[in-house]
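One chain follows as structure tokens, the form predicted alone.
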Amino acid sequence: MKPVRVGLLGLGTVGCGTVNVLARNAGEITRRAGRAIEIEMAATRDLSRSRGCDTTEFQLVQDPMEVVENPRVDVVVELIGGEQRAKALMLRAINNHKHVVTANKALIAVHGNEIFAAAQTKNVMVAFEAAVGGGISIIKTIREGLAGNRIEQIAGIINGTANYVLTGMRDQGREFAEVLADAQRLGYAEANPSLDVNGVDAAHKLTILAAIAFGIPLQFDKVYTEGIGQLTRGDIKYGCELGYQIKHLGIARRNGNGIEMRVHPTLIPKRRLIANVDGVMNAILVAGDAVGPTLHYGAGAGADPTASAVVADIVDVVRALTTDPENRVPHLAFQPGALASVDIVAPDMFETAYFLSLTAVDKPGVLADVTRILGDLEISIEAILQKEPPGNENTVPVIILTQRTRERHMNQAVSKIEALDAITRPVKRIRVEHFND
């Protein structure tokens, strides 16, 4: 049987990793796929630049459209990133009846509904395992391995840069900007790390996970998103004193009003496994009604882990080339006509516990005023931590841990607390999740 020929769009870190994995494991890959997989052509902006992979066995071009239009290419692998250009190339490849593999989470999260509809019309596959979790294979796990379950909840550390920064702040007692600079120097963060630290990268990934878990269309614009830039080493220290770690999580879960989709810093009890995932590693908790809670851990980025997912997608495409299109695994796990129209829960309807950090004038009665405000809104207090005034200042840090309440009630409470004359700074809130239900 003749080899399946692949065209690569992009020869950066992941592109070269894909070349290396296909070459290094060619025999094993052929045995698994049933046919040899060969790179026919690759597009790269700089033809003369030295790379960490051998490109002598295939043609290099600068224009990615040459790859997409090449009649010898069976599968196009998009690794250039971005949205509009990548979208145009993918839609053109699909129109040319080529199967497509991508690691581009922004592209799938924002334009996936359109791309999947085009692919269905042309009876081709779009594979995107590498878009979430690097080498963890979480998409295949949810879409296929847990197909017998009603998924109740997903919660994940899905951005390695944010996790590295929070780990460094905790272990080294340093502030956000210092640890982020280290992450950039070590190559864990981009020169412009805004998508990572502002939570947008995690929101892209959560959009995809929620769609395949709950059988809903991709809805990136409805993900509530907070980054980690406002966190201080004091927040992390006080969280630790109360028995919690702070992690930047993507959370998608069912509740009585629909589906919650949110990305934000989260306090997790130290005893939970996911609270102990450090550095650039990823971990994703998936809870199903039959299997219960499962935790999936591994490298979320890097050349070889991401290339592992890309090559696995290529193998899946090759295996399905002769399959009746009606019997292929659906892109979003559920049959296209069976995607549900479920409400996405508005942020003020979220229900969680809270860590509140206040700066208050050191005088009698302030704490009583704060607790009265919380009590009037039926917000129960779990713990209070009041620290000594720093230096000669007349203000003190006060930490309050609440029990679960609606976000709208907490919004009201925070507004009233900030209106007190004795509260000198905006109240900081961090949501708390226990993952024990």
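On a predicted model such as this, the values are computed, not experimentally measured, just so you know. Between two forms, the rigid core is defined as the largest C-alpha subset superposing within 1.5 Å. Start at 1 with the first residue shown and count on from there.
One more form of this protein should be noted, the form predicted together with L-homoserine, which is absent from this view; the next part is about it.
Participant: By the heavy atom within 4.5 Å rule, which residue out of Lys205, His331, His99, His248 makes contact with L-homoserine in the predicted complex?
Facilitator: Of the candidates Lys205, His331, His99, His248, Lys205 is the one lying within 4.5 Å of L-homoserine in the predicted complex.
Participant: Tell me whether Ile138, Ala309 and Asp313, taken together, all sit within 4.5 Å of L-homoserine in the predicted complex, counting heavy atoms only.
Facilitator: No, none of the three is in contact.
Participant: Evaluate Val165 for contact with L-homoserine in the predicted complex, applying a 4.5 angstroms cut-off between non-hydrogen atoms, and reply yes or no.
Facilitator: Val165: no contact with L-homoserine in the predicted complex.
Participant: Is the gap between Glu190 and L-homoserine in the predicted complex 4.5 Å or less for some heavy atom pair?
Facilitator: Contact check for Glu190: yes, within 4.5 Å of L-homoserine in the predicted complex.
Participant: When the contact criterion is heavy atoms within 4.5 Å, does Ala86 count as touching L-homoserine in the predicted complex?
Facilitator: Judged by the heavy-atom cut-off of 4.5 Å, Ala86 is well away from L-homoserine in the predicted complex.
Participant: Quick one: is Val200 in contact with L-homoserine in the predicted complex, heavy atoms, 4.5 Å cut-off?
Facilitator: Judged by the heavy-atom cut-off of 4.5 Å, Val200 is well away from L-homoserine in the predicted complex.
Participant: Choose from 165 to 173, 263 to 271, 293 to 301, 355 to 363 the stretch whose residues reach within 4.5 Å of L-homoserine in the predicted complex, heavy atoms counted.
Facilitator: Contact-bearing stretch, as computed: 293 to 301.
Participant: Heavy atom within 4.5 Å of L-homoserine in the predicted complex: which residues of 95 to 116 meet that condition, in order?
Facilitator: Only Lys105 sits within 4.5 Å of the partner.
Participant: For Pro305, does the CA position differ by 2 Å or more between the shown form and the other one when the superposition is done on the rigid core?
Facilitator: No, because once the rigid core is superposed, the C-alpha of Pro305 moves less than 2 Å between the shown form and the other one.
Participant: Quick one: once the rigid core is lined up, does Pro193 have its C-alpha move by 2 Å or more between the shown form and the other one?
Facilitator: Yes, because once the rigid core is superposed, the C-alpha of Pro193 moves 2 Å or more between the shown form and the other one.
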